[in-house]
Each structure stands twice: as C-alpha cells, then as structure tokens.
Ligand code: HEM
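Here you get one chain, nothing else, as structure tokens; it is the form predicted alone.
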Amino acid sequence: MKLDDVINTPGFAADPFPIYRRLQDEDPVQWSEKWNCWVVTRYDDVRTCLQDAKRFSNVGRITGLFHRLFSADQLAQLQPLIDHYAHGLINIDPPGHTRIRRLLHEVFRPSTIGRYRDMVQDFVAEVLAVALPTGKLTVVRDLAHPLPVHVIARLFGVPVVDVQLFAAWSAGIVRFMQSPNPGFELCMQSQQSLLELRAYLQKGIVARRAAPRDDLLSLIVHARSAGDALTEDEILGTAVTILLGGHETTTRLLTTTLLELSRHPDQQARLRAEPGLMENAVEEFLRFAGPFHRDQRVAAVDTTVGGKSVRRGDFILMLLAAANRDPRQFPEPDKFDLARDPNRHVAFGFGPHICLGAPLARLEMQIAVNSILAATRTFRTADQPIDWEFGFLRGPQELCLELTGIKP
C-alpha cells in the first residue's frame, strides 16, 4: 500500500480510515515521496514521536519546510513568517518549552476557562433560537465557525465589530498548512494575514501593559513565575497560537461530531437518555472524529521508528487520527462508542506539547452538543453530498442538519 498513490484522491479525503488501517497493517512507517517525509500511523510509534523531544524535535518542523521548498530570494521575502515559526511555544523543545508552559499554567487552568461557560451557553442559545423555528441548522456557517472565534475574541477582550477580522486572519494564516508542500504565493498570503494579526495584537499588548483588564491577553502579558515573564515575541507567538488552535480545530471538531451523531442515531439517543455521559462522550468525539489528523517533527538524531532507520534532519509526519483508530490500542476502533473506557487518544497530542487549550475545546463541545440535544428530539443530516476539506485538519466544508421533533 503506497500512500502517495491515494493522497490526492477524493476518496481519501472523504474516508481516509481504511487507508490508515492498511498502512498500519502493511507498512506502518512509510516514506512518502510526495510529502518528502516519513509517515507514521501506529499508536505506539506516534506516542513515541510525540513524547521523545530529544529524538523528535519541534525545532524546524515548520521553518525547515520553507528552507526545503524555496530559493534564497523567496526565503528573504518570507522572513517574517519564518521568524514567527522559529520561536514560541509550539516551535521549541524543553527546557525552553517547559519554561513557557510554566508561565502559562494559570492562564489555562480549567477553573480560569470555566469563567466563560455562560458566554458560550448564551451564544449557542442565540444560534438555536434562530435555527429551531426553521427546523434547519447550517452548522459551519451559523454555529461551528462563529462560536469559537467569538469565544476567542471574548477571551482576548476584542470588540464584537472586530470578530470577523480575527476569523479572516485565522483562516488566512493556516492556509499554507493545508499542504505539506505549499506554494510560495500561498505562504506569502499566510504571511500577510499573520502580520496583520500581530500588528493588531501588539496594540492590545501595549494597552494591557499600561492597564490590565479581565481577559486572557492580560493574563498572558502579566504572567509571572519565579520572577520570570514572557518576552514580547513569546506573548505574540502564544496569542497567535491560541487563536489558531482555539478556532480552526474547534470548528471542524464540532462539525464532524454532529455529523457522526447524525450517522449514529443509537449513540445520539443514548446521550439524550444519559446526559451524565457527556464528558466521556467528548473524549470519544475527539478519538473518533478529531479534526487534527497530522502533526510533524524533525529527527534530531539518527534513530529508528517502527524498525525503520531515520536520519537526522528527516521530517516525520504523525497521523494522529490513524493512531486513534489503531486496533492494537482500541478494541473495535471503528465503533463510535460514547461510553468507551479507557480512551487514551492522542487527539490533543501527547507528551510535552499536549494542547494547552484542551479545557476550552472540551467546554465548548459539551455546551454546544448538550444544547442541541436538549432543544431537539432528533437531528439528521440533510440529503446532500459532503465536501471535505483535508489538510493537517479535516472536516466538512459545510453540514446541514434537519432538526426534527423540536421540543416546545
């Protein structure tokens, strides 16, 4: 089974999991010529790559891509984008990474994030108040896309009138990440979005240094631990990371979750009957329908993965979604089971770089899904084909739900 033969086919985007299974069984660590990297699919190998920062480094995982693809003149033009991805939380290894996480510990405690529960609940209620009388919900347009960006904007203390700017910048920055081999013009477009976002955030940082507010950006600006504080560049990098991670991934996770609940009416009915199952169900949403399909590292030394010799400097693409369906770890891995326990998925990563924003994503998922279940008797997808977007994130471009048996 050669991944290169199916990477660009519509069938792979619509349902990559049979391909993932064949790779796991036949060639679990395979070299891809098209992506110019090792592709790792088994759960144990993926966890090893995620956890062992001494062998599998975050340093250069994105900037190395630019140097591999572009000329010296092009690299000079992309310098702001390169500089951004050469620093910050997701681009460095311990001990530098550990230092930044320590400073951000208070910012991302579940109790801190929990302060925004009512705001999330109110937003979802407003969306459903419009959708319920029509019996239809256009998920991405009306809920899954605006919800996380409104939440992030509120966390950052951004005026409502600027929310759409945040949404546009977020989508623009991640555009180059949709392919392991992006073109130069695409990278330039992402760089422009990044520069505009950083300029906007810079003004907010200056304001909060002078007068702290009750928002997440103030917490980041004034984070302290043992006399240490984040630098200006670290504050900007962290803020951009939160925006991208909190918006793009949650949009796709919520959309794909609602799709799977409509495809599995027995599990939808079970969750209505057992609302106490919700926290456990969210973990299964993440395992079964997690949108973050692949993550990347760079081999820091000559080593081996799954019995294959990997040279220092080789790129390693870990298929997280494949690992989450590995039968060696999960019994009946293709079964959507909201009561699954244990459920040690890697949807948020694993090891030192496990996602800091996981509590926020879990909160948004619990409230949004609970609200839809509470307001309806059943829901199902409208009869129409689904067009999938599939890069490092995967999800339907749009999803239309028919809300039936609406409760009075």
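Numbers for residues come from their place in the sequence shown, where the first is 1. Predicted model, so just to flag it, every value in this text is computed and none were measured.
Just so you know, the form predicted together with the named molecule exists too; it's not on screen, but the next bit is about it.
A heavy atom within 4.5 Å of the named molecule in the model of the complex is found for one listed residue only; from I372, L65, C37, L360, this is L360. Exactly one listed residue, out of Y116, F123, F330, F292, brings a non-hydrogen atom to within 4.5 Å of the named molecule in the model of the complex: F292. Taking the partner from the other structure, the named molecule in the model of the complex has no heavy atom within 4.5 Å of any heavy atom of M278. Interface residue remark: R198 is not counted as part of the site for the named molecule in the model of the complex, having no heavy atom within 4.5 Å. Among residues of the shown chain, A347 is one whose heavy atoms approach the named molecule to within 4.5 Å in the model of the complex. None of the heavy atoms of S190 is located within 4.5 Å of the named molecule in the model of the complex. Contact with the named molecule in the model of the complex, defined as a heavy atom within 4.5 Å, is made by none of A86, S218 and V221. Residue heavy atoms within 4.5 Å of the named molecule in the model of the complex occur in exactly one stretch of 360-368, 335-343, 28-36, 378-386, and that stretch is 360-368. In the model of the complex, L89, I90, H97 are the residues of 85-100 with at least one heavy atom within 4.5 Å of the named molecule, listed from first to last.
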